[in-house]
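Same chain, two versions here, written out as structure tokens and called structure 1 and structure 2.
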Structure 1
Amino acid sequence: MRKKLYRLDRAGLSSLFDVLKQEGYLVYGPTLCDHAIQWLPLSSLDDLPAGWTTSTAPATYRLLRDSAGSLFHYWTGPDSLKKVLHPARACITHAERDNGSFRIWNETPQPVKRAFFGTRACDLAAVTALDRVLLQDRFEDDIYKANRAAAFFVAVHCTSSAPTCFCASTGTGPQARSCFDIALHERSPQEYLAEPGSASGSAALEKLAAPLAPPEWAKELAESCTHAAAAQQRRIDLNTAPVVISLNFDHPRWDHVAKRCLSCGNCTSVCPTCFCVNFEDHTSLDLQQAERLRLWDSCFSQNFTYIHGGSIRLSPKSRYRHWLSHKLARWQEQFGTSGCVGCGRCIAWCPAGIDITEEIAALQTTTHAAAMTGVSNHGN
């Protein structure tokens, strides 16, 4: 059975927002805050950055005016859904002395119904990747599980891309294909195509009593997305990346990147799929109470590999190499998916302007060159 596609005008879009509110969702969306478009709770769709766009390049992100007045003419920003679904800081366990005895209890995650209005294809792919790691592995993450179960995604297809985007090559965008409850295509600031992706998405759209969209709109959307994909300036070949990385453990490029890399951990923090955490135990001064905190960690920190006797990855070079290898190769072995969804955040938000696509390409080119040199040198 073909899915029903709806046509929403600007008022229809607001009604969708109202329906979500009525159903008890706290609606998050992109909104202007501190020089960037960030994910924050919206009080109405008027909080969307209408008439704003962004410009990104390595180590650069700027807000610009957009004359068309679009609601969704910008791409990924400094934060992602990770900050809500897999929070940077959480208290997980408490302990308390109790009249000579001892009490210990875990924090029970309180599920909050949240709708994310304006998620991009790459962000949904990142959620799918986090699902694989935090829900479908040997252990389930309680906090993520609770947040994820109560999440509703209103996707927005990308019909153009930022210079830092490379989702076409990672197969994760620019058109949202799965994991959404509703997907929107902004044809103009006044006209939207809405497609349900789940039963609850269908139900929400039904309530709007919106007219059906002309069938050719779906085709037009697919064409626009194909066009956006073809216009992307960056790419990564995920098929060859694991081999290229394993062949180049001692490549001089790692020294080259280590000179520029600041080991600051911004890349892992902004990456929507980097999930690593660390734990800290804290005790009160009167020694009556203790709590265990869970905090975002980064493989760029020295303590990340601390075991008895010291850290394993002491040099920044080994840390960058680990990060790139995990993102582009080891994830595939470990989780059967790529750790990179092509969102380009790590490129824009690296203060040193290190570009993951450029780094892997540098390894790749010289791998080929070396292979060819091997051939031409034959008989020398």
Structure 2
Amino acid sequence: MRKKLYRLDRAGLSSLFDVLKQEGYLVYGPTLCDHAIQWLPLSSLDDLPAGWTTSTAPATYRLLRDSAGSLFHYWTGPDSLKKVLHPARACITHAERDNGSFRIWNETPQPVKRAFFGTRACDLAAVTALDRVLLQDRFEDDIYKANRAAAFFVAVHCTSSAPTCFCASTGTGPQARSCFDIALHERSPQEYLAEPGSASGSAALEKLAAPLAPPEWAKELAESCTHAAAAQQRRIDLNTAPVVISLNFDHPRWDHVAKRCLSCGNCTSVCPTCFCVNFEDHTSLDLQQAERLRLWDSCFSQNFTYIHGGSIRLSPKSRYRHWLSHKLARWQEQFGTSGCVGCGRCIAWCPAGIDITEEIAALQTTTHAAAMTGVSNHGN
């Protein structure tokens, strides 16, 4: 049986928002904050960035006015769903003195019903990647599990691509294919195609009593997403990346990028799949209370690999090589999927304008030339 596709106007979209709130969801969505589009709790559809778009390039992100008045005519900002599902700061344990005794108790994360309104295909792919790491590996992450358990995703298909996008080559966009409850296609600021992706999504759309969409709208969506994919100038070959990286451990390209890399960790902060954390203990000045915090960490920090005697990766070269190798190669070996979803955030938010697609392409070009001449860069 063919899946039902629904037609929503702006009022219908607002009604969908209201239905989610009535069902107890705390609705998150993209909104304007601090000169960027960020994921924050929304009170109504009016909080979405209507009439705004973005301009991105290496080391560049700008908000621009959009005369069309569209709700979703923008590209990814510094935030992703990782900000909410795998928060940057979480309290693990509390301790306090109480009438001469000492009490310690663990924080038990509680599930919260959250709906994410306006999720892009690349970010849905990032959630799938985090699911694999934090839920489906040897150990479950209790905080992520609680935040993920009741999540409801309203996706938005991308019918245009930013200059920094390369999701077509990673197979994660521009069209959302899975992991959503409802997917929207913004045909105009007043007209939307709504596709259910789960039983919960179907039930929510049925409550709206929305009319069915014309069959040709689905074809129009597919064509628009195909054009968006074809417009992307950047790409990564994930199939060859593991071999290329393994063969080029001592490639001079690592020195080239190290001269530019600031080891600031921006790329790991904005990456929707980077999941590394550290733990810190904080004690009050009166020594009456203490807490253990879990905080985001970055492999670009020198302390990230600190063990007795010092850190293992002392140079920017070794830290960048580790990050790119893990993202494109080791992740595939460990989890069976790539750690990169082609969102392009690391390109836009790197202050030095380092481009992950450019770096891997340089290694691939050399590897291809070496293969043709029978020469390898490994171990030189």
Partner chain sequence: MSSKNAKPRVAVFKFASCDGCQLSLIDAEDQLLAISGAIDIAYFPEASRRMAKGPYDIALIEGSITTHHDADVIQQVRRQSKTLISIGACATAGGIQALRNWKDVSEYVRLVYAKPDFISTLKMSTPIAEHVPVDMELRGCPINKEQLVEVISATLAGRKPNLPTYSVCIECKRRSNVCLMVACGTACLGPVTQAGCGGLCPSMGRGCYGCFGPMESSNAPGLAERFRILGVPQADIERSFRTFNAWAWQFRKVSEEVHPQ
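The term rigid core refers to the most C-alpha atoms you can superpose between the two forms while keeping them within 1.5 Å. Since this is a predicted model, take the numbers as computed values, not measurements. Each residue is numbered by where it sits in the sequence of structure 1, with counting from 1.
Remark: the form predicted together with its partner chain is the source of structure 1; structure 2 originates elsewhere. After superposition on the rigid core, the Cα of residue 108 moves by less than 2 Å between the two structures. The Cα position of residue 142 differs by less than 2 Å between the two structures after fitting on the rigid core. In the core-superposed comparison between the two structures, residue 98 has its Cα shifted by at least 2 Å.
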